[in-house]
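Listed next as structure tokens is one chain, alone, in the form predicted alone.
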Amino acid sequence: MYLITKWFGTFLCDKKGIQKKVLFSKDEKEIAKRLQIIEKKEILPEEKKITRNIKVTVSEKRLQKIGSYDPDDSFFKDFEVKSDDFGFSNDLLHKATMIVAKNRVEEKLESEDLQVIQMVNALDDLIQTSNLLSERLECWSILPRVDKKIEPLENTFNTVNKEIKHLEEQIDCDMGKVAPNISMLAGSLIGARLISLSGGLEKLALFPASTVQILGAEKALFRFKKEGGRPPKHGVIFQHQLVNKSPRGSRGKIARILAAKISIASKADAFTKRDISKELIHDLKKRVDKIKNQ
């Protein structure tokens, strides 16, 4: 027997034709739910039900748990199941796929790593505002008898700094959930900045270590490509104490090692969800000590 699933139903077939079928609801929302399950490579309840105690051949990898996977079987190329034969229109499919697309966008916008990016951007805006207010207060405070006039600006300055601290605490909390391996290895704020510069955790995980190493040094890299000179050895990760507190001559090597470990950590956070922070930290310190003792 062969199992064939279409957007409108799932079918048990043999070379004589369809022997058993389960048609889905003709409601676009119900169709959309099943399309999303299929998109996530999961098995539909209807597929489990129709194949119970039956040996089947399947052409989709996601169905390997309930059938023998053989996509090259000629049956799947020769046999056709048409939606029109069961009263399902292309208009219904269009409505369902629009719902799927909308849900996909909403899920993406709600993803925690994108929330981290917004917090980092807000933090940078507040830091810039704080610096501007600090400069203004410093210039204004040297004038005589300005206490009452300067007080509102001081209050604003203090409020901004409180919000900066609050955002840093929130980033630290959220990064422990979104990217625990990166947070333990590089620190929550450095990790959050790397995610922000990458455009998301999965994008960071797909970057090579050499790119991770210079994230945040784009201006220096552009200047190097345009004018020559020395290429940047590090970007945001320079803020890590293992890099900025090391002798100048060894910073590049240490930054390279740190970037490689962050690259591994990001893959674990994005895909496997395994906690490998202790192993990464141990190996990082071991390799850094070796460089320092050379």
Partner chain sequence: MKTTEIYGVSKDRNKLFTENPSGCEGIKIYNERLIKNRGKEYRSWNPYRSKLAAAILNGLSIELKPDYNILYLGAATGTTVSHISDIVKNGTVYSVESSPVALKKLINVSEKRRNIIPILEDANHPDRYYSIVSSVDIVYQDISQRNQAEIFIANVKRYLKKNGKGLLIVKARSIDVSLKPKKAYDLVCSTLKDNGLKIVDMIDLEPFEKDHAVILITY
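Residue numbers count along the first chain shown, from 1. Everything numeric here is computed off the predicted structure, so don't read it as measured data.
The protein also exists as the form predicted in complex with the partner chain; that form is not presented, and the subsequent description refers to it.
- For the chain seen here without its partner, which of 171-179, 154-162, 125-133, 89-97 has a heavy atom within 4.5 Å of the partner chain in the predicted bound form? One stretch meets the cut-off, namely 89-97.
- Query: Which residue, I43, I50, A268, L35, has a heavy atom that falls within 4.5 Å of the partner chain in the predicted bound form?
  - Reply: Selected residue: L35.
- Among E80, D85, E138, D147, which has any heavy atom within 4.5 Å of the partner chain in the predicted bound form? Only one listed residue qualifies here, and that residue is E80.
- Item | H166 within 4.5 Å of the partner chain in the predicted bound form, heavy atoms | H166: no, not in contact with the partner chain in the predicted bound form.
- Query: Wondering, does V288 line up within 4.5 Å of the partner chain in the predicted bound form on heavy atoms?
  - Reply: No, no contact at 4.5 Å.
- Would you please decide whether V105 lies within 4.5 angstroms of the partner chain in the predicted bound form, comparing each non-hydrogen atom pair? Answer yes; at least one heavy atom of V105 falls within 4.5 Å of the partner chain in the predicted bound form.
- Query: Does K61 make contact with the partner chain in the predicted bound form, using a 4.5 Å heavy atom cut-off?
  - Reply: The answer is yes: K61 has a heavy atom within 4.5 Å of the partner chain.
- Item | Residues in 273-291 with any heavy atom within 4.5 Å of the partner chain in the predicted bound form | Residues within 4.5 Å: none.
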